[in-house]
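Listed next as structure tokens is one chain, alone, in the form predicted alone.
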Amino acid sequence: MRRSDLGEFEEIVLLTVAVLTPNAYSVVIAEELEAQTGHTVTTGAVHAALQRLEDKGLVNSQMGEATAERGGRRKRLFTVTVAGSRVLHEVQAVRDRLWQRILPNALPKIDLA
């Protein structure tokens, strides 16, 4: 798997699956992404990304138990595979190396609050 095969949205969905494991399913992933980014994220977009990630072998899924909160329906729960973990670590390493090389005054100051 080449890093370039992973889109930005797929990367953040993969990372969110890791954060929410063992309870990662499309609805809570979309909610977490909205909470973290402040942008609306549809469950359909998350579901499509999860399908692509599963096709690439970066996540696995299995059906969970039926729950009352979903009217007795079962959830499809996702976990990160070894290949997905490798990709996340590679992405983090690249980003960390680049951030460490930015000179102190290279970026304009911004207020993130």
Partner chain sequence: MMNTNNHPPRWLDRLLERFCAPHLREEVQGDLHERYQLRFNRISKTKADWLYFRDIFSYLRPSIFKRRHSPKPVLTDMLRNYFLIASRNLTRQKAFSVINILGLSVGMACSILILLWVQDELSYDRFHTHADQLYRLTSHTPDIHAAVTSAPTAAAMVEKIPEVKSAVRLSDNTHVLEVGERKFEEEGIYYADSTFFDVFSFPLVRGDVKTALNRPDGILITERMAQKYFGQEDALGKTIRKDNQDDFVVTGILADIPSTSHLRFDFILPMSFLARTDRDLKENRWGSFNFYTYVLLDKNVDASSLARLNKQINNIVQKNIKLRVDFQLQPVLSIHLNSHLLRDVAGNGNIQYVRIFSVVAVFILVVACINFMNLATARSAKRAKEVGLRKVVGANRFQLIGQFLAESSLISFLSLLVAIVLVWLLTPFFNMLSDKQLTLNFLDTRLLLIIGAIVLTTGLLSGSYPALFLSRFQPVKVLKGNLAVENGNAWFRNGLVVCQFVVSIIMLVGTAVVYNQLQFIKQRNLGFDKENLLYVQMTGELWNKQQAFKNELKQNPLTQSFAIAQDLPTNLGTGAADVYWEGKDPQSQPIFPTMAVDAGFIDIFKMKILSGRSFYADSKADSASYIVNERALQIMGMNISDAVGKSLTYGGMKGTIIGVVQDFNFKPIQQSIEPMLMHLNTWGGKVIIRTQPNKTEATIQALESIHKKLNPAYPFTYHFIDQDLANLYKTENRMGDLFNAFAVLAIFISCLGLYGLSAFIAEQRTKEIGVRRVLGASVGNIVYLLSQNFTRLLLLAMIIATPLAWYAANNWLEGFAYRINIDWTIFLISCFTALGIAALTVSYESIKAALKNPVKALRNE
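Numbering follows the first chain given and starts at 1. In this text the structure is predicted, and so the values were computed from the model without any measurement.
Unshown form predicted together with the partner chain; subsequent notes refer to it.
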item	value
Non-hydrogen atom contact Val82 with the partner chain in the predicted complex at 4.5 angstroms	no
Partner contact for Gly44 in the predicted complex: the partner chain, 4.5 angstroms, heavy atom	yes
4.5 Å heavy atom contact, Arg76 to the partner chain in the predicted complex	yes
Heavy atom of Leu88 within 4.5 Å of the partner chain in the predicted complex	no
Residues from 22-58 in contact with the partner chain (non-hydrogen atom within 4.5 Å) in the predicted complex	Tyr25, Ser26, Val27, Ala30, Glu31, Glu34, Thr40, Val41, Thr42, Thr43, Gly44, Ala45, His47, Ala48, Gln51
